[in-house]
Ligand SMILES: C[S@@+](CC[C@H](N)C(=O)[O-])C[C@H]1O[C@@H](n2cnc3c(N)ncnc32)[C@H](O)[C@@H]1O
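Listed next as structure tokens is one chain, alone, in the form predicted on its own.
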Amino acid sequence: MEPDRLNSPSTSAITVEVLGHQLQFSQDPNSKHLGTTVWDASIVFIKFLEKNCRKGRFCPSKLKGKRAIELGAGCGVAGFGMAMLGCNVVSTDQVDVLPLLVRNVERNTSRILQTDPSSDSFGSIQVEQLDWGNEDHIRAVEPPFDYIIGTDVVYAEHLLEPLLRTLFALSGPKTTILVGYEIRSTSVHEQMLDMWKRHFEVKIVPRTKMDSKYQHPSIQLYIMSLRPLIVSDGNLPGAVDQQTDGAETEDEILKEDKSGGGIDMPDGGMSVEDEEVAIKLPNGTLTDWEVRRYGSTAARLLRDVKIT
């Protein structure tokens, strides 16, 4: 990606209001790299942090000074959510995405500090290259981290193993992993969950914990931690899933969705929500978020349509 392209007329931006600040994240619609687009799971993630930062594990008093690393940062939305709550964040991606990521980090850091120069709630955010599985890149960011975050980082099967190796390399015994993910492929989604559950305690955040507006049935948030090793009678190490902070197990969230909340069906199928959208769209003016979500739904409905 040539730096000059970032200032071209074709560059667009997404504005997100978080904690009283108007953040603006540039995109590059002409890029062939998926990392130069603001994906909706990152917006759901940052608005989730905003809603839950008044008390509990995500309040600034508990996050101040904690080290967080964002994998597949793209435009940098999720990382800014953690930095605004006091974390020292390292936002990482492949080298082709870094110029746009650096621009977004510099612009929004400046916006925040200019709006409230005396604020001590903002931590810090820096940009580094990190290709998953690259040992030199991993050593350079100096693990372990208190938090590892990522949104929409898995969209193909070949990414699962490199991501897992990188999560292990960046983790310590007390690391918390936060992932936002939009279901696009049922097959990849099932493989991802199976892999995670073999190595981590996986908790799914219920929609009641998300922002009432910035959520969608196909977008899920996960909170994970390394499984404690339990060895007995010669058995392999293992552990039992636990549930805390109102998070739900996979079976519970699926049961809730099947009862009418809407969740993606196997490839080629239509979710309950998709059927409703296909029948009737709301009257009046749509918000930016609604436009993005209906566009995503339409894309899923049309992905297998062939025009003859």
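One-based numbering along the sequence shown. Note that this is a predicted model, so its numbers are computed, not measured.
Just so it is clear, the following notes concern the form predicted together with this ligand, a form of the same protein that is not shown.
Novice: Taking V38, W132 and Y155 together, does each of them reach this ligand in the predicted bound form with some heavy atom inside 4.5 Å?
Specialist: Yes: each residue has a heavy atom within 4.5 Å of the partner.
Novice: I148, V97, A83, I112: which sits within 4.5 Å of this ligand in the predicted bound form by any heavy atom?
Specialist: For this set of options, the contacting one is V97.
Novice: Choose one stretch from 196-204, 215-223, 72-80, 139-147: the one whose residues place a heavy atom within 4.5 angstroms of this ligand in the predicted bound form.
Specialist: It is 72-80 that comes within 4.5 Å of the partner.
Novice: Please check if C59 has a heavy atom lying within 4.5 Å of any heavy atom of this ligand in the predicted bound form.
Specialist: Answer no; every heavy atom of C59 is more than 4.5 Å from this ligand in the predicted bound form.
Novice: Going by a heavy atom distance of 4.5 Å, is H33 a contact of this ligand in the predicted bound form?
Specialist: So H33 counts as contacting this ligand.
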